[in-house]
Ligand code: CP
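In the form predicted alone, a lone chain appears below as structure tokens.
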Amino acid sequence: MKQFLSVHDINDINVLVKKALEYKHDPFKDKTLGIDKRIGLLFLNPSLRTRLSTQVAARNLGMESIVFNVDKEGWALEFEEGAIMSGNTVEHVKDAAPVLGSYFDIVCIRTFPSLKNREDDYSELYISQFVKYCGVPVISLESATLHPLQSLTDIITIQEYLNSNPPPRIVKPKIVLTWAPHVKALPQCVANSFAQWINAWGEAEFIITHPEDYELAEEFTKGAIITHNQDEALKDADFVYVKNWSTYYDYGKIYENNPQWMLTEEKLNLTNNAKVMHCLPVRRNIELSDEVLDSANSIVTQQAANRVWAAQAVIAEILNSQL
């Protein structure tokens, strides 16, 4: 593996999932793989699980991790080629990135969309410029359109549950990604990425349900069944992934916050006793009710804990490719 920006950077999802679960069983089995190597974690926006899980994962492999909050501790970066830097930006990425590449063996970057201009956000300019100029492997800790470490984690968590589920084994689970209300406009990254990975995985019946006008980009959803009828989508589901996202076509808007789209115990009764997932942080009693989040159906804590093993598997794959 040369980089990790999307599902297209890996050869076999199941092989990577198996590797991650092996690390969960034995976290330090490759504890010398990253000895004398450094990983840089650059954040252009805040993080909790992504930052800490990646640091733990790197440490399990013997790496030193260094965190830098670019938005708070560094110069304002310019990303546009040919820019006349007479404004607020102080340093161009083509000058900063190669230096960072000289400091680190792997560079990890977390960016965030503006939700103002779809063309700009979906160009993935920020992360692509780091890839272009830093000269070392890049791992996405979330970009304007995708969150691949989260999506890998999601499949790890689903597979872990399927492996531990008593007979009769669920052969092809029904997985539902459902839109949920929120108090502010959120990006499509997690939903895009989850759709991309589940479709590429190809081992589930996959349904996306959302209100009208909340369509996602077809490049990520192609292969999924899409419906505006949440109850119909939830029927007999084995896993329900709850996530809010703002509008894609009239970009970055909130048209409605219908509380009827919140997943409740009553809605969960339509499912096949489904396990409930969410990437966190979650707005309780807005996106998900307390009764669901605190129930035995919720696997959000297990899901978040698995972020370590997803990151460790990816970092190990990149380190092994450098041997």
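Owing to the predicted nature of the structure, the values given are computational and were not obtained by experimental measurement. Don't overthink the numbering: it's just position in the shown sequence, from 1.
One more form of this protein exists, namely the form predicted in complex with the named molecule; it is left out here, but the text below deals with it.
You can rule out all but one of 33 to 41, 294 to 302, 66 to 74, 272 to 280: in the predicted complex, only 272 to 280 has residues with a heavy atom within 4.5 Å of the named molecule. Under a 4.5 angstroms non-hydrogen atom cutoff, the named molecule in the predicted complex has residue 110 among its neighbouring residues. Contact annotation: residue 47 falls within 4.5 Å of the named molecule in the predicted complex, judged by heavy atom distances. Residue 210 falls outside the set of residues with a heavy atom inside 4.5 Å of the named molecule in the predicted complex. The named molecule is not drawn, but in the predicted complex it has no heavy atom within 4.5 Å of residue 193.
When you look in the predicted complex, the only residue of 129, 178, 157, 150 with a non-hydrogen atom within 4.5 Å of the named molecule is 150. Counting a residue when any of its non-hydrogen atoms is within 4.5 Å of the named molecule in the predicted complex, the one hit in 284 to 317 is 307.
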